[in-house]
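One chain comes next, on its own, written out as structure tokens in the form predicted alone.
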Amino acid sequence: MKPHFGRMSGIAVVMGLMLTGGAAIASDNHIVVAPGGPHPYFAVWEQAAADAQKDFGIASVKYRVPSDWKLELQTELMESLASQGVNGLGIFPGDPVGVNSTIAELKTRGIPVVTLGGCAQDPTDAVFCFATDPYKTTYTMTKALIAAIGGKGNIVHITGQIIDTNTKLREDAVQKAIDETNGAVKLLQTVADTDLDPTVADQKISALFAASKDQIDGIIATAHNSSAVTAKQLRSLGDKRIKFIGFDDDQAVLDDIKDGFAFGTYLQNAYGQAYLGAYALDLLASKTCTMKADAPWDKSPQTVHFIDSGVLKVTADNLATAKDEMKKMATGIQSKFKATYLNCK
């Protein structure tokens, strides 16, 4: 039986204060953060949810995951949670268009939805999207890779699922950076659909190296599992000639940076996405705050209500301090969010 999240009475708030060892409960809201399906990128959302509940005195902030990456499973989960009393949802949209009908239905029931890690496509009733800017980040990564290979040569782009809301943007960004070299750098190949299933990724990347290893000067991987598998295969090959820039913080990628098999990686603010999302949803669900009409939204090709959650470049120089830097990034954004984006009573 799934837990029921009802609204807390005054007595329940007092009991909650006692049960949490004196940590004050400032609201009786029940918030859930939920990706579109299982994936290692979102694992940190569970800790972020627990930290947000404690730090902001929210009655509950939970992490829930559909059993598979299917839109119907995500929408069923959203509707089920709403029927159980959850009154704020932060989601990574499994389908950037298909999820919008459920977001709209929840809005009519007074339940705010924000998108985290990836955006729903406008027109959408999602209050805002807090995510990495996939185009800007990938463009920056590609420019860094081009510099690492000396400004000329062949590069490969290993990326995520074609259905991922961010994949096309990343492919376009790689191509733009390459085009700016006026032919000095060539895109040897794009290897897609390498993110959800590490076994598939392993097969595709293995085939790439078998056919083209000696022609590759640099590799950019723009998805989590894609980066992890590439890192493991480069180490297995013992190849430090190929310059590799990965994405996210899989231990295989971090180990490759330490041992010289990778030039660097770019960490998304995964923790901050769930942490800030829960904080904002609590304020919105309490009906004490609304979004500012003139909020300074960042640019996005998907939605006008976009906030860039930021990335951190990690190389051997800052590998030891990266985790602390990421937490500072999350709390820094949260500390300015209310004044920047909300009108509160």
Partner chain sequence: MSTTDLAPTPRARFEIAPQLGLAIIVGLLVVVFAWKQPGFVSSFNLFGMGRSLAVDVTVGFSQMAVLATGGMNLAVGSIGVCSVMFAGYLMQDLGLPVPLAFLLAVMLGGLLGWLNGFTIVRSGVNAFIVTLASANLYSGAMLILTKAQPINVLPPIVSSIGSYEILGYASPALVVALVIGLALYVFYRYSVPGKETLMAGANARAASMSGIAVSRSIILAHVLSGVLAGVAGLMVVARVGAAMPAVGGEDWLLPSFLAPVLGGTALAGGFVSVVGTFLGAMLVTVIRSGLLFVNISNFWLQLFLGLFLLAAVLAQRYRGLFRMRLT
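Numbering follows the first chain given and starts at 1. From a predicted model like this one, the values you see are computed outputs, not experimental measurements.
Below, we refer to the form predicted in complex with its partner chain, which is not included among the displayed structures.
This chain is drawn without its partner chain; in the model of the complex, the residue among V97, L237, A184, A211 with a heavy atom within 4.5 Å of it is V97. Note on contacts: among A207, V200, I163, A147, the single residue with a heavy atom within 4.5 Å of its partner chain in the model of the complex is I163.
Taking the partner from the other structure, its partner chain in the model of the complex has no heavy atom within 4.5 Å of any heavy atom of A270. Taking non-hydrogen atoms only, R64 approaches its partner chain to within 4.5 angstroms in the model of the complex. In the model of the complex, its partner chain stays beyond 4.5 Å of every heavy atom belonging to D125. Contact between T102 and its partner chain in the model of the complex is found at the 4.5 Å heavy atom cutoff. Only one segment in the set 136-144, 150-158, 83-91, 214-222 has any non-hydrogen atom within 4.5 angstroms of its partner chain in the model of the complex, and it is 83-91.
For the partner-free chain shown, L106, R109, Q121, D122 of 106-139 come within 4.5 angstroms of its partner chain in the model of the complex, judged by any non-hydrogen atom.
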